[in-house]
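Single chain ahead, written as structure tokens, the form predicted on its own.
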């Protein structure tokens, strides 16, 4: 019989909840009005120096684009998608799942290349000291952490996996909760707030390099098939010239010394134009679980 999540200290719990509250506060920030600027939507990334990195990336983009850039940060994918669909932002670094759901209203700009491919996986993780759990079936009746209800790797894949097993995802676990970032899934599982969780392989592997103490507290028990990496997309009515210019700048990062340095901090090889068919696997999973 599987053990329950390990007891955690009150300090660890307070630290986790405090950081979650800070992420939630991002949702209340208004979009800054800046005539002529390109507005780019982002959700929280894994970097410890996120503010510093985004400031440097913004400056580099402004130099290359020849116009102002405003990063619009929100704590979840849904708000970013809503801003795109309302025409309040121009571009966004989005997950493949919301892209396939709204692909008729959005335009694909570029796809990150990670470890030589524009692909990644969903990882299912458990606490490192849980040696009994070998698959999602072993987590029946346990506590499970999702990242975001619009995340492919952090929500759709485990839902799909359970559906293909003939299970009801809404009742398989005793309790589920959303952390709103992949990093927080790793932390929640690592400190024992959850018996298992679903996380982006790119985030988990990058954390293994930059914050190995976080991933060492977890263990991967399942890896999804390779799927299209979270892409940059544009609102549907974007001016073709703006789209092509932004795409060219992203694709040219590898050839620029400063751009290459920024890619290195993201642990990416570069960007490729990609094709919508890269995300067909995600679309098939969404259709299978009835969330087209």
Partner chain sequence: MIFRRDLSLRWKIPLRVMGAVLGTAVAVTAALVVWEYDEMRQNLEGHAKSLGRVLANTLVAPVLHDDIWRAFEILQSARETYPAAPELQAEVVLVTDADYRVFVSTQPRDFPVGSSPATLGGAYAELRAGLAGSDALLQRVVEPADSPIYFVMSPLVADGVALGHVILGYSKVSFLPRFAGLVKRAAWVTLLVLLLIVPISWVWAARTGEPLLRLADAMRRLPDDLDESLLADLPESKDEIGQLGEAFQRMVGELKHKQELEGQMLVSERLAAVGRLTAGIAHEINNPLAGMLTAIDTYQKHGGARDPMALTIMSRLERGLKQIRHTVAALLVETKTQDRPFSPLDIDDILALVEPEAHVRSVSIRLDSTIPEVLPLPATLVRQIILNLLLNAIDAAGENGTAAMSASVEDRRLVMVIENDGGFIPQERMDTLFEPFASTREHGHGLGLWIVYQIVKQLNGELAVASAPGRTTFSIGIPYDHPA
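Positions refer to the first chain, counted from 1. Here the structure is a predicted model, which is why all the values come from computation and not from measurement.
The discussion below concerns the form predicted in complex with its partner chain, not included here.
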Task: Single option in 204, 99, 180, 157 placed near its partner chain in the model of the complex, where near means a heavy atom within 4.5 Å - done: 180
Task: Proximity to its partner chain in the model of the complex (heavy atom, within 4.5 Å), stretch among 189-197, 75-83, 99-107, 113-121 - done: 189-197
Task: residue 132 within 4.5 Å of its partner chain in the model of the complex, heavy atoms - done: no
Task: 4.5 angstroms heavy atom contact with its partner chain in the model of the complex for residue 162 - done: no
Open item on the list: Even though the partner isn't displayed, in the model of the complex is residue 136 close enough to its partner chain, meaning a heavy atom within 4.5 Å?
Closed with: no
Open item on the list: Just checking whether residue 219 would be counted as a contact of its partner chain in the model of the complex - the rule being heavy atoms within 4.5 angstroms.
Closed with: no
